[in-house]
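Just one chain is shown here, as structure tokens, and it is the form predicted alone.
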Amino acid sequence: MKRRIIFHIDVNSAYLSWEAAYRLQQGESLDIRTIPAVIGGDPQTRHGIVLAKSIPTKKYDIKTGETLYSALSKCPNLLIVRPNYLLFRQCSEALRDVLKEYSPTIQQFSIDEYFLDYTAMENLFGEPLQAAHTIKERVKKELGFTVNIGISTNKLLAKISSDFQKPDKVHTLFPEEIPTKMWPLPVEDLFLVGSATTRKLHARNIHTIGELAGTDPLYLRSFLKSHGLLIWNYAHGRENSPVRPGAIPIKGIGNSTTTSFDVEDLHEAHLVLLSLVETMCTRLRHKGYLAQLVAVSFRTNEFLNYSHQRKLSFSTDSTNEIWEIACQLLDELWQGQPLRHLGVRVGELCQNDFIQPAFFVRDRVKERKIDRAIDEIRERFGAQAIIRSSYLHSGLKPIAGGVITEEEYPMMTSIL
């Protein structure tokens, strides 16, 4: 039986690399990957968090996930770039199109990660290392950004190996290489070993993956339950899930923003929600889903968090309809406290092959045509090409926040 060969392709500093490549293609001379730069939040108000960072930010100990305020305190000259999710999606799809030329079986693991089943493809594209280097160089030359590629016999080991040394590298981690390449690594580098598990393992003098592999699995089970057996198997490189073609099923899409001022007026709060729903519903329609649940959340200026949701008796992808429901939820929940952060989310998604027309209240077919016409204009000419008149002279952004999906930040168990 032919040996199974799996590639894990991971874009280096994806959001920042994609933005840098785009700017260079537009004629800019400065490559923002070569200076302290981050993607995230609002460059003007300096609110938000770091989503991606350039290699030079390591000098300042800037971390992904920290606030822009904190990052700027470490590096006052830090370049902050607003995330462009439309561009990111296009770059991810361009990468997918390249990978599809090398295997009929690829699986999107996140917006910047793919698995590729290279089993029995050697006669077409050469040995695995040769093919991986070919892919890597093609991506760099044709798309303008770099990737790391890990190669092994399963998804777990391929993913671990792609993270060995960055950027622009190809690594292998075959089962026979586990003792020398994986076991010396810190235990927290093992897939699914989070901070809480790490603390428990360290407290029992288990600090490396090799020490975890050498521990009695029944002992691990005594304080980590079934998760202990799972990571013990992972420490031995045991994982056999197939590469599933297509993207990870999306369970929900959300969007949120931190405002630069306290929102105290109901009309303003509704407009902020609309600016979030605009972007979120564009993504919902692009993915071909309808939503059956709407949720809103907000944080007050005293950092108190509240949320409220509603299950719908119908499915919809209409911007206006979802916004109206979000406003109703906000009205029911909000007691007038000054707000600094608002969010909206849709869930319980289903395919939009069929939509129930409205007989008495609203013409959903007409609304869908309008939404799609707006989507096409923004796709061709930019998100600000068409905006609602309610934002004129309002001081508010007609398109706000970013889009977070379970495709882009998947549950870690999705590798199984």
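Basically, rigid core = biggest C-alpha set you can superpose within 1.5 Å across the two forms. Treat the numbers as computed from the prediction; the structure is a model and nothing was measured. Residue numbers run from 1 along the displayed sequence.
Missing here is the form predicted together with the DNA; even so, the following discussion is about that form.
K.L.:
Check whether residue 261 has any heavy atom within 4.5 Å of a heavy atom of the DNA in the predicted complex, and answer yes or no.
P.N.:
Contact with the DNA, no.
K.L.:
Indicate whether the DNA has at least one heavy atom within 4.5 Å of a heavy atom of residue 307 in the predicted complex.
P.N.:
Yes, residue 307 sits close enough to the DNA in the predicted complex that at least one of its heavy atoms falls within 4.5 Å.
K.L.:
Should residue 314 be classed as touching the DNA in the predicted complex when contacts are defined as heavy atoms within 4.5 Å?
P.N.:
Outside the cut-off, so no.
K.L.:
Is residue 196 part of the interface with the DNA in the predicted complex - any heavy atom within 4.5 Å?
P.N.:
So residue 196 counts as contacting the DNA.
K.L.:
State yes only if every one of 23, 54 and 144 has a non-hydrogen atom within 4.5 Å of the DNA in the predicted complex; otherwise state no.
P.N.:
No, none of 23, 54 and 144 comes within 4.5 Å of the DNA in the predicted complex.
K.L.:
Pick from 226, 205, 130, 180: which has a non-hydrogen atom within 4.5 Å of the DNA in the predicted complex?
P.N.:
Spelling it out, the residue with a heavy atom inside the cut-off is 226.
K.L.:
Could you tell me which one of 185, 121, 293, 80 places a heavy atom within 4.5 Å of the DNA in the predicted complex?
P.N.:
In short, 293.
K.L.:
Can you pick the stretch from 209 to 217, 266 to 274, 237 to 245, 293 to 301 whose heavy atoms fall within 4.5 Å of the DNA in the predicted complex?
P.N.:
Heavy-atom contact with the partner occurs in 293 to 301.
K.L.:
Going through 105 to 125 from first to last, which residues have a non-hydrogen atom within 4.5 Å of the DNA in the predicted complex?
P.N.:
Residues within 4.5 Å: 109, 110, 112, 113.
K.L.:
So that I can tell if residue 162 moves, could you say whether its C-alpha shifts by at least 2 Å between the shown form and the other one after the core superposition?
P.N.:
Comparing forms between the shown form and the other one, the residue 162 CA shifts below 2 Å.
K.L.:
When you overlay the rigid core, is the Cα of residue 337 off by 2 Å or more between the shown form and the other one?
P.N.:
Comparing the forms between the shown form and the other one, which are aligned on their rigid core, residue 337 does shift its C-alpha by 2 Å or more.
K.L.:
After core superposition, I'd like to know whether residue 312 moves between the shown form and the other one (criterion: C-alpha shift of 2 angstroms or more).
P.N.:
Indeed, residue 312 is displaced by 2 Å or more.
K.L.:
Between residue 284 and residue 20, does the Cα distance in the predicted complex come out closer or farther than in this form, changing by 3 Å or more?
P.N.:
Between the C-alphas of residue 20 and residue 284, the gap widens in the predicted complex (3 Å or more compared with this form).
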